[in-house]
Every structure is written in C-alpha cells, then in structure tokens.
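Let's start with one chain on its own, the form predicted alone, as structure tokens.
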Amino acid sequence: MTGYLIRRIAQGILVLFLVSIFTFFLINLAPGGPSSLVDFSSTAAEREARLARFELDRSPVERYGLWLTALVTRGDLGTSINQGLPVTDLLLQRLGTTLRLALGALALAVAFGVTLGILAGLHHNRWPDHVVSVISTLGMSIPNFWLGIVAIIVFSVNLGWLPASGSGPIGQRADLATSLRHLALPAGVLAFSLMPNVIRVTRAALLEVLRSDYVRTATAKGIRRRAVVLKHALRNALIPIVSIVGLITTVLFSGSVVIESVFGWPGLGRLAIEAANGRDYPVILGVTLLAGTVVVTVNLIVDLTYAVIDPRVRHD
C-alpha cells in the first residue's frame, strides 16, 4: 500500500506540473499578452514600473521558472495583478464559500440520486422506473443557467421563500438557518444537474447485482427483501456508485462557475471569471492549479475507497 501511495502521489505531482505548464503558456498566447495590462495613458516610466513589479517584462519561460521556484520553495502562487493581493490569500478567502456550495450540492445529488436509483432498480420497467427516468432526463437536458433563473423567479421573486443571491448578509456573520437559506437554491440547482448520473449508475449497478446467484439464493432462503437489498445487493453495487460520485466531484468546480455567476455566489467560480475578464494571469493559474489538485486528490480517495468496500481490490 505504501508503494502504491508513493506512486500515486508522484503521478499527481507530475499531472499538476503539466497542468501548470499548459495553463501558463496558454494564457501567454492570449491576444494582447502582458502589454494589454498596461494603462497607456500613464507615462513610460509608470508602465515600465508596472511591468517590472509583476515581472511581465521578462520572457514567458523566465516568468514560469520564477513562478515555479516561488511555489516550490515558499508555496507562493504570486500576486494578483488587478487586486495587488497574494493569490493564495484570494483563493483561501473564496475556498470556504465554494466548498460549502460544492459539498451541499454533492450531498443532495448523492442522497436523492442513490434513493431514486434504488427505487428505479427495484421497480424495473414499472411506473416508478419511468417517473425516475423522466426526472433523470430533465436533469441532463435543462441547462444550469436557465434552471437557476427559473428558480430565482419562482422561489425568490414570486414566492419570496429564499434569497435570490449571495451567500449571506453583507458585512454580517450569518447563523446556520440564514446560511442554509442562501445555500438552498444554488446547491439545489447544481445538484439537479449532477443527480442523473448517480441515478443511472445506481440503477444499472443494482439491476446487475439483483440478477446474481447469491441474491437469488438469499431470497430463496426467505430473507426479507429489504435486508437482501440493503445488506447484500447495495453493498456489492457500491463500487460503480463510488466511481460516479468521484467523477461528479471533479466536475463540481466547472459546474459551480455558472451557478456562482447566476446566484452571485462569491466563490472560486466568480473569482475565476473576474480574473479571466481582467486578464489576471496569476489568479487564473492559481484557480486552475487548485482545481487540478482537487481532481487528483479525489481520484486517489476514490481508488483507496475501493479497497475498503471490496477486500478483493488490492493496491500493491
């Protein structure tokens, strides 16, 4: 197991290194380059000072080398060009808010997705299965931004039940109830788009296990249907379910970009959009690297979970 962990960590570091190279030089290929960040109404000395401050007067290869050295030696992701603050501080300020949205959406998607998938699998080709299939199709078909706008109109404007935007009262510390009210709409909309994948995988995995010999034997012995499903069938169907949960976890960041924009949620998604619009290269690189770290970490956790669920899976 130790050797496996060392190999996976080394692979993860290599992946992040390649992601940083690709992102850094792709950003530098954008039209305008560093010169687009300079205010040409300023004097030549001011322009040169601004370029020198952010090392934009150097070649891309030099700047990448300096950035990578600072990251490895000091954990420094650089300084935001537009805000003048350390990128690490900006990421940490927004990370908690994005995690709250991501974990809330993931919890809803898994809870409802697994429940509906089990319901569909146990009532294969009957009306509950057809109803769940319609819900799943709607979740895959309706765009996030459109559903978010409709949710705001219905639940915020017309009914007045939930806040339309933000993660809490501005300048105040929100209590749990207020935080949950602000979280309900964005997390619910994001979960609705993630849920269909969980439903389909749970249904398919459960149907396959229910047709196996040991399930038929357990049923023939007179074991209650509920016990057969929960203790035998569902446990052996967990590996594909865990796989899909890991997969949707890795796409939460990309999905949250749209949701955070629609609901004015002050997280990493909005930070990434603001940085892209302002060509804030260090912030874009920092957000991308953080997202890559999340993907690598989640994939490792999922692989280690396989061995816990099924002892036959070994990591040598």
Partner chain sequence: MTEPQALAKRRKLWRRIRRQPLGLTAFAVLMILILTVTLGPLAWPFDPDRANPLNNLAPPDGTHWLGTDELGRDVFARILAGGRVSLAVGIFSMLVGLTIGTAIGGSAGYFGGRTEAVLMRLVDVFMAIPAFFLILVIVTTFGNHPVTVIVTVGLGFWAQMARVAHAEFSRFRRHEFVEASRALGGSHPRIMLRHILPQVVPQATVLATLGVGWAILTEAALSYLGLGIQPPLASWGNMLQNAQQYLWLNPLIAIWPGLFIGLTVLAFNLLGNSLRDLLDPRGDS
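Numbering follows the first chain given and starts at 1. Keep in mind it's a predicted model, so treat the numbers as computed, not measured.
Another form exists, predicted in complex with the partner chain; not displayed. Remarks below refer to it.
- 149 is the sole member of 111, 149, 72, 103 with a non-hydrogen atom within 4.5 Å of the partner chain in the predicted complex.
- Checking 207, 238, 119, 99 against the partner chain in the predicted complex, a heavy atom within 4.5 Å turns up for just one residue: 207.
- Although the partner is absent here, residue 59 lies well away from the partner chain in the predicted complex, with no heavy atom inside 4.5 Å.
- For residue 128, no non-hydrogen atom is located within 4.5 Å of the partner chain in the predicted complex, even though that partner is not displayed.
- Although the partner is absent here, residue 66 sits far enough away that none of its heavy atoms falls within 4.5 Å of the partner chain in the predicted complex.
- By the criterion of a heavy atom within 4.5 Å, residue 14 is counted among the residues contacting the partner chain in the predicted complex.
- Contacts to the partner chain in the predicted complex (heavy atom within 4.5 Å) from stretch 139-154: 140, 141, 142, 143, 145, 146, 149, 153.
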